[in-house]
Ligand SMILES: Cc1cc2nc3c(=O)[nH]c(=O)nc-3n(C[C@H](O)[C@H](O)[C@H](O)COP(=O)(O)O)c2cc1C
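One chain follows as structure tokens, the form predicted alone.
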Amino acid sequence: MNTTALGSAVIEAAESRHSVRKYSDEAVTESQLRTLLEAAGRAPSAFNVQPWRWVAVRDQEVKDRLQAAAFGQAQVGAAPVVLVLYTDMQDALANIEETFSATLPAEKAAGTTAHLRQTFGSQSDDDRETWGAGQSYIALGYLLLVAESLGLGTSPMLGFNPDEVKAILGLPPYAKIPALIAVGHPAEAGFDSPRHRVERVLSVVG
């Protein structure tokens, strides 16, 4: 695909995507799921820390418990897969060397490691994970567009009890959960929400 066609495909996905709350029985394959998460993993991340982590929930009993924690939102129980996006800065920093290019000189890598661990080590768990959540929303945006391009519907949700979700899935108590995302093959078109025109949201300086 040439760059013009690729750009058109991204724009088309952005323009056609709507939140979907009803799904068919067709499964989301492991290949599709891997494609989604590999693409989301290409999202930019400051210092290349990549603090996002995912749990893919297919088990119906667990989805039902998550639905209760999400205040009964039906798409949590109905979707073939529910992705739980969470942060883990402790794990990211403990394994920060994994994010360095193999071509980075050893001295540079050691200096970067020390700098990042000192910078984030002086912060509270809450501040670190809040920073990680801000980074993770970028990965979420990537995932939603790629899902649309694959013909998959999604519904990102912020309405849930994070402590209950962490307890259900055994996530670290310090983690932040930016979103739950229902993923599946749409059984509805989704609601076409109006969007602001550029002039409504843009200020130009210079």
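The first residue of the sequence shown is number 1, and the count goes up from there. Given the structure is predicted, the values throughout are model-derived calculations rather than measurements.
The same protein has a further form, the form predicted in complex with this ligand, not shown here; the description that follows concerns it.
(message) Counting only non-hydrogen atoms and a 4.5 Å threshold, tell me whether 75, 137 and 158 all contact this ligand in the predicted bound form.
(response) Every residue of the spot touches this ligand in the predicted bound form.
Among the candidate stretches 158-166, 61-69, 33-41, 46-54, which one is within 4.5 Å of this ligand in the predicted bound form when only heavy atoms are counted?
Looking at the partner contacts, the answer comes out as 158-166.
task: Give a yes or no for residue 185: in the predicted bound form, does one of its heavy atoms lie within 4.5 Å of a heavy atom belonging to this ligand?
output: No, residue 185 sits far enough from this ligand in the predicted bound form that none of its heavy atoms falls within 4.5 Å.
Notebook entry, point to check: Are any of the heavy atoms in residue 17 no more than 4.5 Å from a heavy atom of this ligand in the predicted bound form?
Noted result: Yes.
Considering only heavy atoms, tell me if residue 21 and this ligand come within 4.5 Å of each other in the predicted bound form.
Close contact exists here: in the predicted bound form, residue 21 approaches this ligand to within 4.5 Å, heavy atoms only.
Heavy atom within 4.5 Å of this ligand in the predicted bound form: which residues of 188-206 meet that condition, in order? Sequence-ordered list: 191, 193, 195.
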